[in-house]
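A single chain, nothing else alongside it, follows as structure tokens in the form predicted on its own.
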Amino acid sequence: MTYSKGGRCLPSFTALATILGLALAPLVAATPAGAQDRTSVKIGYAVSKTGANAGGAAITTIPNYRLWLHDVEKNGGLELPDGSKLPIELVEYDDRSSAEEVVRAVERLAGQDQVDFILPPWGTGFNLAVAPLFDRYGYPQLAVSSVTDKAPQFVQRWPRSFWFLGGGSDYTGALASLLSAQVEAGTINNKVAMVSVADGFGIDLVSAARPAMAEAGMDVVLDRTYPVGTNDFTTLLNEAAASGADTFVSFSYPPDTFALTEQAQVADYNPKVLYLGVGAGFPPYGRKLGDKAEGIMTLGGIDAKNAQNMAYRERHKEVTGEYPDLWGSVITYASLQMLQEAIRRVGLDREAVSAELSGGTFQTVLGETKLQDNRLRDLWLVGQWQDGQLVGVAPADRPGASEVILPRQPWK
């Protein structure tokens, strides 16, 4: 495998809107040269190696890209329909957690580097930022680390886009239903304190949570939004504690999730339901908290009895040195398996690959995997830390679901 690393992308412009408004370079052909004319398949990506998004990308996205590249290389390369195999030539850029940079990098990958396929960046906002470019240049977009209720509209607008993590209403609807059942059981009151990060993920989740909570009979007594980069949550936690809510919900990014957890312990804030955002399923989170993580809830989870998933987790640890997260990692790897199999079936024609991804059925680390209208719909929507694992507790009727355990016990 060969690598080409970009230390910096092209100079950034003053605003994302300015970049998206510029005339793009001439489009590269949707059909790459035939296998007989080449010695490799060129694949590129831009992802946050530095900056505010680096923590999430370093857990969920980059290790799975490396694991997949390792597995492809070990297998002798990407297999084509005629049985021949080609090694991957990798082109990678650091988007520096800048929306402007990720747009410029993807434009460079398509227009200058002319890679055969582009892997997606990390984060909801960044996937939305680059979606028009993927579509205009004719690349399938495997938007894994992106939660959005607008995926059906996006598929209509960008038919080569694929959305793997569901929408805010999926997660918040499942959470609201779970909380309502606990109210009926007398475990908690119906009051909810809710905070959210003012970015694509937080906005999507909280916008869906408000009507979902109301429909489930939950009373949102605190609803606060905080800016990206906030690191002091003392005031928000004090307000939540004073609200009388048994449930605290944060739609937060990894740095915020870690900070909220630490500061809740300092304040001895002990809601009966503690639901946190991205990062609560990261291995360092569970490792750092130990048994203090018991009962904490978040998005995602796994079926710890699923042999395919557990085998993937061990291989991830062996190759990358760390276990994967307990939400998006396995889905990220599964999406790459789908891309690899689509190439094996139809070759390097991006239109044909997109069509195969849309309509095909694949065997992945998730088991049999098939998209519905370019979306993955078989998802764990609520997870809870139980005995050192973040297990899926909703949908409760999904095979492998664990029973939720509430109320959460106070910090030890």
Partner chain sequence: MTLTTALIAGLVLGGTYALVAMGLTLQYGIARIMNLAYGDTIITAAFAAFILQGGLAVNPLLGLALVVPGGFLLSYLIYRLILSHLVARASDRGALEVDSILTTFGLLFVIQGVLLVLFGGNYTSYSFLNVAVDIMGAKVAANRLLALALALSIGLTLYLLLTRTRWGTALRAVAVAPQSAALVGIDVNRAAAFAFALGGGLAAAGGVVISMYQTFTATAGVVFTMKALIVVIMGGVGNLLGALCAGLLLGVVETLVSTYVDPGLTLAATYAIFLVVLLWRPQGLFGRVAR
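The term rigid core refers to the maximal set of C-alpha atoms that superpose within 1.5 Å between the two forms. Please read all numbers here as calculations on a predicted model, not as lab measurements. Residue numbers count along the first chain shown, from 1.
This next part talks about the form predicted together with its partner chain, which is not shown.
Chemist: Are all three of Y333, Q337 and T361 close to its partner chain in the predicted complex, meaning a heavy atom of each within 4.5 Å?
Modeler: No, the candidate spot makes no contact with its partner chain.
Chemist: Just one of V319, A311, A267, A214 has a heavy atom within 4.5 angstroms of its partner chain in the predicted complex, so which one?
Modeler: Filtering the options by heavy-atom distance leaves A267.
Chemist: Let me know the one among P255, G295, G138, P283 whose heavy atoms come within 4.5 Å of its partner chain in the predicted complex, would you?
Modeler: Of the listed residues, the single hit is P255.
Chemist: Of 235-243, 296-304, 174-182, 78-86, which is the one stretch near its partner chain in the predicted complex, taking non-hydrogen atoms within 4.5 angstroms as near?
Modeler: Comparing against its partner chain in the predicted complex, the contact stretch is 235-243.
Chemist: Spell out, yes or no, whether the shortest heavy atom distance between L348 and its partner chain in the predicted complex is within 4.5 Å.
Modeler: No, L348 stays farther than 4.5 Å from its partner chain in the predicted complex.
Chemist: Can you check whether A58 is within 4.5 Å of its partner chain in the predicted complex, heavy atom basis?
Modeler: Close contact exists here: in the predicted complex, A58 approaches its partner chain to within 4.5 Å, heavy atoms only.
Chemist: How about P227 - does it come within 4.5 Å of its partner chain in the predicted complex, if we only consider non-hydrogen atoms?
Modeler: Although its partner chain is absent here, P227 would touch it in the predicted complex, with heavy atoms inside 4.5 Å.
Chemist: Contact with its partner chain in the predicted complex for S40, defined as at least one heavy atom pair within 4.5 Å: yes or no?
Modeler: No, S40 is distant from the partner.
Chemist: Where, within 103-122, is there a heavy atom within 4.5 Å of its partner chain in the predicted complex? Residue list please.
Modeler: Not one residue comes within 4.5 Å of the partner.
Chemist: After a core superposition, would you say V228 shifts its C-alpha by at least 2 Å between this form and the one not shown?
Modeler: Yes, the C-alpha position differs by at least 2 Å between this form and the one not shown.
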